[in-house]
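First, one chain by itself: the form predicted on its own, in structure tokens.
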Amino acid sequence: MAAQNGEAKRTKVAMRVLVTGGTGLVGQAIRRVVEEQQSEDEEWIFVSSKDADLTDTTATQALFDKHQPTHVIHLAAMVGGLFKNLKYNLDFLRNNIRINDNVLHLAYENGVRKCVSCLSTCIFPDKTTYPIDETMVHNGPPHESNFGYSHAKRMIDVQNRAYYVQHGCTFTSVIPTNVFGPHDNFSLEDGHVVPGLMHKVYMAKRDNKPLTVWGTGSPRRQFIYSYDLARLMVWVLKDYQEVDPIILSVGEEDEISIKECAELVVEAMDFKGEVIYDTTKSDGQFKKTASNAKLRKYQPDFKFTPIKQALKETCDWFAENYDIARK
């Protein structure tokens, strides 16, 4: 197994996997998994926006010409937090549609055998019943705050089906719940719940100040460690044969509250100060429970990393890499 950044050797291998968005949270976790599995007949190439502008068809074609992948894991996307989404819904729609159309169509034109794209639970209808499952993606409009991003991601599922119906392509997608882990975006403005909490605890401990958590702490979420998601995505690439998407998540019984999550982060970072819940701040959606019944049908014995261990490993990584972490 050779894991590379943007350079492919012309070797005869059974699988040459191109990973777009390969230097981010999930891409870095996939790199860790393939390095652990060490298969000689596989070559993995991890590329980032520095290697090609995927909104540009010519640049994307050049990337495929250079690496000649047999398989693709498509993680690249224009992403942002709530404020950025609210302000730039059109940009999120157009840029992500361009990226996805270029990657999928050039995968088809270059004879790629399998393409796995990464979606998000935000694509599900705003008004729905719980738990959500894979059959409910197109049952109603997504939340207004990020409708541009959500519709662009939904279109991957539509395109996957169209490529299968018209050309017989095995293009599919995964829908992870709340992902966290090393190499996350720990920004206080644009980051997600877990990395944002870690950054806040780090600063409160460093500055000897109270920790302020926004909201009541009562909303509940299913968190998946990036390393577990990576292991499952490699399985999807090699063994999952459906075109329809699959939710990759811990079970409903493993959903925890933001307060429980904050307490685990506080423990992992050995913070001894005061914790304040600012209840003037919005809690957001109370729960977005997803069913992992389809995953369990295929992988009944898959062992997820315990949340306490996963949070501790991520906290340790952030503390050790504070100066270089995205934040």
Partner chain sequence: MFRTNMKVLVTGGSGLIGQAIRMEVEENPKTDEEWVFVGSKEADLRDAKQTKALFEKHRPTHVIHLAAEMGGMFRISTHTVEFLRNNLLINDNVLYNCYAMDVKKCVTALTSAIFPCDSIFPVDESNVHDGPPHESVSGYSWSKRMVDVQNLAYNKQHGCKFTSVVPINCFGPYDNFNLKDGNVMPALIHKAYLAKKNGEALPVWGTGSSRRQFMYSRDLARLMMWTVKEYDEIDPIILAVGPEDEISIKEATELVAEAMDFQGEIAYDTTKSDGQFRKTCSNEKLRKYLPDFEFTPMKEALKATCDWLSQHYEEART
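Numbering follows the first chain given and starts at 1. Everything numeric here is computed off the predicted structure, so don't read it as measured data.
The form predicted in complex with its partner chain exists for this protein as well; it is not shown, and the discussion that follows is about that form.
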(message) Even though the partner isn't displayed, in the predicted complex is residue 159 close enough to its partner chain, meaning a heavy atom within 4.5 Å?
(response) yes
Next item on the list: Evaluate residue 254 for contact with its partner chain in the predicted complex, applying a 4.5 angstroms cut-off between non-hydrogen atoms, and reply yes or no.
Entry: no
>> Is residue 81 part of the interface with its partner chain in the predicted complex - any heavy atom within 4.5 Å?
In response: no
Close approach of residue 101 to its partner chain in the predicted complex, 4.5 Å, heavy atom: yes
Assert contact residue (its partner chain, in the predicted complex, non-hydrogen atom within 4.5 Å, options 119, 233, 246, 97) equals 97
Partner-free chain; cross-checking its partner chain in the predicted complex, the single residue of 240, 163, 202, 180 with a heavy atom within 4.5 Å is 163
Testing 186-194, 69-77, 207-215, 87-95 against its partner chain in the predicted complex with a 4.5 Å heavy atom criterion leaves exactly one stretch, namely 87-95
Restricting to 145-161, the residues within 4.5 Å of its partner chain in the predicted complex through any heavy atom are 147, 151, 155, 158, 159
